[in-house]
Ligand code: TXA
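One chain is shown next in structure tokens, namely the form predicted alone.
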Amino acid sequence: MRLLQPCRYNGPMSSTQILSADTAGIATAAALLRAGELVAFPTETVYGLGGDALRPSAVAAIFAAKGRPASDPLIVHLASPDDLPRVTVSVPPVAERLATAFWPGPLTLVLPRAPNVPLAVTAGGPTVAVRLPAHPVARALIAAAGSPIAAPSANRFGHTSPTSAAHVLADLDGRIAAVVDGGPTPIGVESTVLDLSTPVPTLLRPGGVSLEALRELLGEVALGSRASPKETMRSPGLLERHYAPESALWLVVGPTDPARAWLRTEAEADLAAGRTVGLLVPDEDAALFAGLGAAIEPLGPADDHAAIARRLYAALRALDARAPGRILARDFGTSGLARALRDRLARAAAGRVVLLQGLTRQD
């Protein structure tokens, strides 16, 4: 398998070991995982914080390093579909169809838990979330480790997800043994999560595999709802506040021109009152707002949702580092990958979502 060329971290000296994404680096990382240590590594979505999914002490270390509540389950990553019997007691035909169509790739399936999977992985629930990543470094590392790997995003719980090794170190330096530096992640938002334990397959989290693609294959796919912080969840990424910056983020949902007008009005009001403001917007909006005096992080062309997804978390981290009084962003609709963008921005906003006249939360 051809591995990606490593992209070396050039930041300050780290107490977490930084490994290259080559054969030697992967061998070192796999040895650490086999010893029960934690290793962050790139997937096609975001960087994951990996630990042996079948070793309770490693699973407990993941929760401790992230500061993650026990009610939020982990996704188990496999090297091959042949490993499914190690983590689930049954693989229904619908799961086989989905695996054939979308694995390896950014699709997580919720299936019945096998007894050897620690209950901490599943937040005490009867199901386990499983996927087969497409990133060659991730696949090589899991295979070399010889065990399924539990790997939530490699960041402090609730914070903006990491899409580079530098992002991982910003949150977890000194808390984990190593990070494999494979450069920026190619998709940039987390996997789609599909619950197959329900009568109708249910989309719990939109991601790199679109709702349209799932419905084309399966027909009916239901839409899940957000979870309570005290609820035992079947999947990560279901809390109202998640993927969030330190600065308060506001998301406006509506047609392009009214949304732009809302952004301008709000930004001008903040600036006139002596408050700082940040704008997380597509390139076209960044050009329109260039003279306002706001901090601006462009995301890419408005109609290129894949480019925006790749840029989203890096831009959000960069803007947050400038410590604006608040961050303003706009929505991109629900078509294809835009549904995942809306989900991440709405959760980063933690309820601060402005629906322009004539829209509902389902639009």
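Just so it is clear, the structure is predicted and the values come from calculations on it, not from any experiment. From 1 onward, residues are counted along the sequence shown.
The same protein has a further form, the form predicted in complex with threonylcarbamoyladenylate, not shown here; the description that follows concerns it.
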Selected contact from L312, L319, V46, L337, since only one has a non-hydrogen atom within 4.5 angstroms of threonylcarbamoyladenylate in the model of the complex: V46
Residue (of V168, L141, L280, L74) lying close to threonylcarbamoyladenylate in the model of the complex, criterion heavy atoms within 4.5 Å: L74
Options 173 to 181, 201 to 209, 265 to 273, 283 to 291; stretch whose heavy atom lies within 4.5 Å of threonylcarbamoyladenylate in the model of the complex: 201 to 209
R326, heavy atom within 4.5 angstroms of threonylcarbamoyladenylate in the model of the complex: no
In the model of the complex, T108 touching threonylcarbamoyladenylate (heavy atom, 4.5 Å): yes
Contact flag, T160 vs threonylcarbamoyladenylate in the model of the complex, heavy atom cut 4.5 Å: no
Threonylcarbamoyladenylate contact at S247 in the model of the complex, heavy atom, 4.5 Å: no
Residues within 4.5 Å of threonylcarbamoyladenylate in the model of the complex, restricted to 118 to 149 and counted by heavy atom: T127, V128, A129, R131
